[in-house]
Structure formats: structure tokens, C-alpha cells
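A lone chain, given as C-alpha cells: the form predicted alone.
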């Protein structure tokens, strides 16, 4: 069977059959319309059309072997039957949810700058600060929960005890941002920055740098050459510590932790470490003190997902204001309509592209 004949055969099949063919071949196939689905199936199987043809024929045979639903009785002559209400065609292939979809106004409700309130630390923040008095700490909490508060308060306590604090980030841009932020909090005379292209106030009690710079400083200290004193180092803050899993740069975080002076406490901050307990156990195994994991899962700032069409129309992406877990059938009907509209406008007419 040629590719054109195979294409025509796929066009004749219902969407449910196409989605069964797409399983294991096409990622996130449940969100594609029929024409796009056929295109993706053919693209994936372009080197194995015989295998695709065999699967199609097997599904057709299976479908034909299934018992057909009973036909409704014939209407008496001359009597018109009321037409049943038509259900809208569902092109995506995913199970539909019966719940009503939120409106755009409901989806946008509550977004904006909150009213000023007195600051009260969360229990997990107090737990992390208390644990730092005795142990290393891994903090794993969602974005926007207040990790920086823990870093700032821990740095204040260390500086009050005449200890040096080093704060690292994976990016020079983020290091520059934190330098500006911390200079306002602690005063410019108490904050320095060391990056590949910027060195200011290198003897300050609070030093901002990239993780690579700290790793290099620890290398120099091991060889007897050092630009800053590490004997007073009391706290090392590793922000965005999920980079320890990066295939290329993760070794920098590992070596920094391994070479970090034993008298300094380690504070690892992240919103996206998948296995924080494993990281805490590893630190416990290589460091002189036990590492404490402080974990918090509730988002202080909830996420909402929307879809902005190229024509400028904004709609909720899901039927609910919050992001559901799984269930593709929770897609907002207006978002799906805009998806298909954009697909019809952008795909060329005629047969699918290959």
C-alpha cells in the first residue's frame, strides 16, 4: 500500500481508531484534531509504513468483529420522528468532563496586588531557621513561598555572630539581582559580589557569587591559594540547588558541597528538586552534621493557566480556575475551539504534510 492509499485509509477511520494508532507513536496525541493526528502518525511511521498498515488493518478487523448496536425500530409511514438533540462533535479524543467551564471573569478574579498585611513567618520558615542553628538544611518549597526570607534571616544571624556568608546562584544575572536586593537590606558596605566579570567589596561579610566561582575558590583554598578568608565562613546558601541534577553543571554543585568547610552550615534552596530527601541523606553521609529536610507543598501564590490566541483573545486553558492534575477532558471548550481554529488556519489545505 502506497503512502497516499494509507493516508486515504486513515481519513476513513473514526478519531477513536486514530488515537489508538497514535498511542506509543505520538506524544500528547489526545489534543490533536483529526487532520493533524493523521499527519503526525504518518510522520512517525514514514520509515515503517508496512507496520502502520498492519496495525490499521488489525484495528479495522477488530472494529468490524464487534457486535453492532441494535437499530431503532422503523417509523410508521407518514409520521415524522423528533430529531434527538445533536451533541457537539468532539475532535480531541479525550474524555469529556460534565462540569461547567469557568468564565474569563472568574478565571481572572483575585489576580492583582494584594492588600498590605503584617508579615508573619510561616511555620516551615521558622522550622528551617531553627534547624540551621544545629544542622545543614535542604528547603524544598513551591515558587513564591518565601525561600528568600529564610536566606535573609539566616544571613543576618550569621553576620551578627561575626561569620562570613556566601550566597550562590546559577546565573550571573540572578547574582546581580540579589546583590542589588541584599544591598538594600543589609547596606552596601556589608554586601559584595564576585562573578566572572564583576568584583566589588570582596571582603564584605555577605558575598554574592555564582556557584562556579565558589567552587573555584574552594579549589584555591585546597591548594593554599585563596583570595578571601574561609576560616570565618559560617553559612553557604546554594539557591536553585536543583541544578545538582543538571547533566553538565551538576558536578559543580556536588564539588561545592563536598569541598565546603565543615564549620559552615549549608542551606540548599529549591522549588523543583524531585528527590529532596535523597539530597538530604547524601549530605548527611558526607558532612559532619545531619542534614534536615524542610518541605512544604502548598503554593502561597496559586498558578492559573490560560491560552492567548494569536488574534489576541485570552481564555482559560482549563475548565477550572486552578490547574487540574491530569484529565485532558478538563480543557476549556473555548480554548479547544481556538486550538482547532488555529490549526485550520495554519495547516495547508489538502493532504497532511509529511
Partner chain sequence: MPPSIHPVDLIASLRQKHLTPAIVFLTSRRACDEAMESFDHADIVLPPVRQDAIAAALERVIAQYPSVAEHPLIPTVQRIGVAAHHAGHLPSWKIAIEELMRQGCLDAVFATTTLAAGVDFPARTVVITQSSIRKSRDFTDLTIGEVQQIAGRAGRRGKDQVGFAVVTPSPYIDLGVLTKGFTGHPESIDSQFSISYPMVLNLLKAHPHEQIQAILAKSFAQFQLNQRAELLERKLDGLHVQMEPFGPRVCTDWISQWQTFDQVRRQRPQRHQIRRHESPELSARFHFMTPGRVVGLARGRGIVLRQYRSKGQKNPMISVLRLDGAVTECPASNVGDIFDRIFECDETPAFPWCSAAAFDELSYQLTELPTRLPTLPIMVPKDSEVLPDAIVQSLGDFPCPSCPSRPACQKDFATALRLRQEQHRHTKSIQALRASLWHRFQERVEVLQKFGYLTPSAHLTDEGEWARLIRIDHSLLITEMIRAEAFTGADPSLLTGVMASITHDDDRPGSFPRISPGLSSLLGQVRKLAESLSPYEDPPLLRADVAALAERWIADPTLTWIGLCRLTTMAEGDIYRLLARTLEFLSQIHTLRATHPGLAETASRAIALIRRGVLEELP
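If you're wondering where the values come from, they're calculated on a predicted model, not measured in any experiment. For the two forms, the rigid core is made up of the largest set of C-alpha atoms that agree within 1.5 Å on superposition. Residue numbers count along the first chain shown, from 1.
Not pictured, yet referred to below: the form predicted together with its partner chain.
Taking 238, 132, 193, 233 one by one, only a single residue has any non-hydrogen atom within 4.5 Å of its partner chain in the predicted complex, and it is 193. With the partner removed from view, the residue among 152, 101, 159, 271 that has a non-hydrogen atom within 4.5 Å of its partner chain in the predicted complex turns out to be 271. Looking at residue 325, you'd find a heavy atom of it within 4.5 angstroms of its partner chain in the predicted complex. Taking the partner from the other structure, its partner chain in the predicted complex has a heavy atom within 4.5 Å of a heavy atom of residue 343. At the 4.5 Å threshold, heavy atoms of residue 202 stay clear of its partner chain in the predicted complex, well away from it. When contacts are judged by a 4.5 Å heavy atom cut-off, residue 308 counts as touching its partner chain in the predicted complex.
Although its partner chain is omitted here, in the predicted complex none of 182, 263 and 293 has a heavy atom within 4.5 Å of it. Residues are counted as partner-facing when one of their heavy atoms sits within 4.5 Å of its partner chain in the predicted complex; in 247-263 these are 247, 251, 254, 255, 258, 259, in sequence order. Once both forms are overlaid on the rigid core, the distance between the two CA positions of residue 198 between the shown form and the other one is 2 angstroms or more.
Core-superposed comparison between the shown form and the other one: the Cα of residue 314 travels 2 Å or more. The Cα shift for residue 288 between the shown form and the other one, taken after rigid core superposition, is smaller than 2 angstroms.
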